[in-house]
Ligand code: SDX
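One chain comes next, on its own, written out as structure tokens in the form predicted alone.
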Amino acid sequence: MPEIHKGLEGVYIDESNISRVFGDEGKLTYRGYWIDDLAQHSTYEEVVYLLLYGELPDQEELDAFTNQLASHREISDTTRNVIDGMADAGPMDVLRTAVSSTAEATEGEFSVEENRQHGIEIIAKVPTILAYFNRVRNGEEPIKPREDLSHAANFYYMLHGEEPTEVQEHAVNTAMVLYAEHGMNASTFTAVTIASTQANMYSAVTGGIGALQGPLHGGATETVVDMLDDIGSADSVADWVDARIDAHEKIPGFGHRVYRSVDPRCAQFARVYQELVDEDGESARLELIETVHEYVVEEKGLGEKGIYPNTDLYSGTVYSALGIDPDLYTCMFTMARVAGWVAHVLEQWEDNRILRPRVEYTGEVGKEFVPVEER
């Protein structure tokens, strides 16, 4: 009988030079660059270029790529009609369907380079789709994208109708850099599996969105915000956490399949949140988060079991400070992660073989068929 790896635990399906998660050390690298350096010093446009082409761009390359992304931000009447017709649906359902609606007919044989361009177009359009949907569902006039703003600033502008401050733009940009890529996770694996059949980039990305929607993957940030609201203050942390543990329930924002230490992106989310608080004077929640962090890891000893904070514990507070509704948090994750999906799909096509895992059959064999009238 073959050895079963439930959840594909510990199974390596291929080699990759896109990113590496150092789970025990709590480190993350994109194409060899540490996430802390990228989060503090790079733009999302630079990171997308890095992921898609393998190297950081020089100024001329960056300018050209930035202009290319900006030129594809507008969405078609078809996509707008799709969103208009789904204004009451869940944000991730709308995003998944709207991205699928952007597909263009392809001509001739399968072309990797043509699909690369389609990937770039999808990356450019996702912020427009998300901002358009949010304004339509709130009864507000949609705002057209601008080509003179950065990827991060343009999204904020389309969402709120005003340009962000430098601090707000940096916060959106940093969040997108932090979530742009994270190895062979469930959504990336889904996108790569679809791509391995030589389905096009639109199908692969749409599949990735579907996988990211689940609460065990991208849909967990909202539960952290609910937790913080429920706890209320640092004085109530112990009672709340103890009750949760006594009920054998998970603590939102803790635990990861790969990390056995604090997720390295947490510190960067905390940094930009503090910058936002310093600028606009919003009631700070960082003390509450850090109290939960310390109590769960140190006082309750879950750190000894390899359970540490993940980004969900911190990212929602950043989104909240940016005036983004909680049900859009997974969409924010998606908006960033599309770049990683596209990069992995392109890498898969460099030496493609259709992904075809097997399962061990444990059912009966040789059962006698009985006609329906005799059953």
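Predicted model, so just to flag it, every value in this text is computed and none were measured. One-based numbering along the sequence shown.
A second form of this protein, the form predicted in complex with s-citryldethia Coenzyme A, is not displayed here; the remarks below concern that form.
Relative to s-citryldethia Coenzyme A in the model of the complex, residues 45, 116 and 204 are all farther than 4.5 Å at every heavy atom.
Considering s-citryldethia Coenzyme A in the model of the complex, the lone stretch of 136-144, 287-295, 156-164, 181-189 in range is 181-189 [heavy atom distance within 4.5 Å]. In the model of the complex, none of the heavy atoms of residue 149 sits within 4.5 Å of a heavy atom of s-citryldethia Coenzyme A.
The closest non-hydrogen atom of residue 302 lies within 4.5 Å of s-citryldethia Coenzyme A in the model of the complex. Although the partner is absent here, residue 314 is not a contact residue: none of its heavy atoms lies within 4.5 angstroms of s-citryldethia Coenzyme A in the model of the complex.
Of the heavy atoms in residue 255, some are within 4.5 Å of s-citryldethia Coenzyme A in the model of the complex.
For the options 194, 82, 130, 251, the one in contact with s-citryldethia Coenzyme A in the model of the complex, meaning a heavy atom within 4.5 Å, is 251.
Scanning 310, 66, 330, 348 against s-citryldethia Coenzyme A in the model of the complex with a 4.5 Å heavy atom cut-off leaves one residue, 310.
Taking s-citryldethia Coenzyme A as it sits in the model of the complex, the stretch 188-222 comes within 4.5 angstroms of it through a non-hydrogen atom at 215, 216, 217, 218, 220.
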